[in-house]
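Listed next as structure tokens is one chain, alone, in the form predicted on its own.
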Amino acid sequence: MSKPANVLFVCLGNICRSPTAEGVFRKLVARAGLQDQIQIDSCGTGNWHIGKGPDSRSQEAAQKRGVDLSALKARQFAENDLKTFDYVVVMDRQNLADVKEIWRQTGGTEPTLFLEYGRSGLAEVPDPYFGGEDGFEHVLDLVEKAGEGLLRDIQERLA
């Protein structure tokens, strides 16, 4: 790999989907031995949870799969993220529309839907916040599959 890649995962509040994706992707990147070459972060388009840790249900579900989210803290998406990150991957269409509006005005990295990398047949990672525990497991299944696809894409582009 020639140069590092910077990856940003984006959802609404940065307490369920995007920190889960960040944690899962960190594990995939470490397993591939590329943690020194791929920088990873997550954020939300909303500002309600800035500075807070991920939802306890997200943390519990991730922990069952060996993914520790406890050190992560929510932050809000910033215009500069489009210039800092090589990949800006968003969990759903509404947040993609919000981030693309900023991208149209400022340029930088064009945001994409995360599940485009997963070949799951779905376009969006559903928000598990108002559902039951199975929603958090479903999110993990989706982000693991999409994360593997994203990692393959990064490895191919930077090989």
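Just count from 1 along the sequence shown to find any residue number. In this text the structure is predicted, and so the values were computed from the model without any measurement.
The next section is about a form of this same protein that is not shown, the form predicted in complex with ligand 4NP.
Picking from 126-134, 111-119, 64-72, 96-104 the stretch near ligand 4NP in the predicted complex, with a 4.5 Å limit on heavy atoms, gives 126-134. Of the heavy atoms in His49, some are within 4.5 Å of ligand 4NP in the predicted complex. With a 4.5 Å cutoff on heavy atoms, Leu142 does not count as touching ligand 4NP in the predicted complex; it lies far away. Taking the partner from elsewhere, Leu151 is found to have every heavy atom lying beyond 4.5 Å of ligand 4NP in the predicted complex. Contact annotation for Val24: none of its heavy atoms lies within 4.5 Å of ligand 4NP in the predicted complex. The partner is not shown here, and in the predicted complex the stretch 63-86 never reaches within 4.5 angstroms of ligand 4NP through any heavy atom.
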